[in-house]
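This document starts with one chain, in the form predicted alone, laid out as structure tokens.
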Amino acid sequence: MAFNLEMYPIVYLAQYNPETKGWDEKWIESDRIPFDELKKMNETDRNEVLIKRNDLGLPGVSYTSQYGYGCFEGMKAFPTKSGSMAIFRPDRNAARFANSMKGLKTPAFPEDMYVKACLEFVRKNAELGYVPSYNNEWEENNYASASAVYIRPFMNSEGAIGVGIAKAPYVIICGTTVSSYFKGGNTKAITTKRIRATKHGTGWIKCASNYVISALAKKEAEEAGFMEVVFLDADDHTYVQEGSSCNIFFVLKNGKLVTPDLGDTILPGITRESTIELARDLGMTVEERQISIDEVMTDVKECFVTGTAAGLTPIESVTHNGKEAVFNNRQPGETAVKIQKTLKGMQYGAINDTKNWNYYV
């Protein structure tokens, strides 16, 4: 699995103060529990220990716990060849997090505070020896097995019952070491009848409740022998939207790169944005537009998904209504390989960060 059971011991917590209209900040440090000890415990005991260890004092009854009212971010910090840690584009995550909170009608967390807190989070935990170190062997498979720090900022409401809007939200930053997101085996995808997002809904917000449907659909896909699921639009069930927790790209037979255009049903992914820019640097024509599942099944030669956890992952085929479209003889396509090599190389410091996307610790 991608996510390590052992969360880092230092956690950031802030809460909005409606009286001062500012944010009260503090750092919480908990005792380290060796990962080897955690592995020996059964799931119930392990979860109980982790909950106690990471006791943040958050209310048990809140808009978040009762109604899924909350939002979060996913970010990574990468160990580089030079020995530093590089957080990838935290300014863009800061902007998206603020937009998500605005979309939830709650005070937005300031973007400068977000970036500063994330940098300090990595620094504090690195000083305790928790972050992974660069391994030259990662270069042999283009960082497919490389480790990174997964940073999880999230919003939680104050204690509350009854449907409402947070007036004094919390912002927490925690994290752990991660590896490859997708399990080994095939990279096949299948469409689902489930609907991830509807127009005028919350699809553009990275809010907690959106991921319930995604988790159910992905589980159903895995039970059917597929790695990934593909959502279609709510209105006509005709146009491609996203993967289970990632944006999706298609290389057409004419060489154009197509990804669904942003709207209120598509999450504005940071890796998506970066992929589009890198593809254009390669001289590719990139189209952000509606793409029908029929076009995917007949006119696509390469497919891949992007996301913080997923990175850039090639998809070997898409199955729709019992028919399978196979891409590039089930092998990673040329476009995916080129962009992935550049993206990972910049993140891990193997090549120069000509975009100045990394923030170094």
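Given the structure is predicted, the values throughout are model-derived calculations rather than measurements. Just count from 1 along the sequence shown to find any residue number.
One more form of this protein should be noted, the form predicted together with a small molecule, which is absent from this view; the next part is about it.
Residue contact check for C246: one or more of its heavy atoms lie within 4.5 Å of the small molecule in the predicted complex. Contact annotation for R96: at least one heavy atom lies within 4.5 Å of the small molecule in the predicted complex. Interface residue remark: T306 is counted as part of the site for the small molecule in the predicted complex, having a heavy atom within 4.5 Å. Within this chain, L267 lines the site of the small molecule in the predicted complex, having a heavy atom no more than 4.5 Å away. For the residues T177, T192, T187, T271, the 4.5 Å heavy atom test against the small molecule in the predicted complex is passed only by T271. Look at 203-211, 276-284, 128-136, 107-115: in the predicted complex, residues with non-hydrogen atoms within 4.5 angstroms of the small molecule sit in 203-211.
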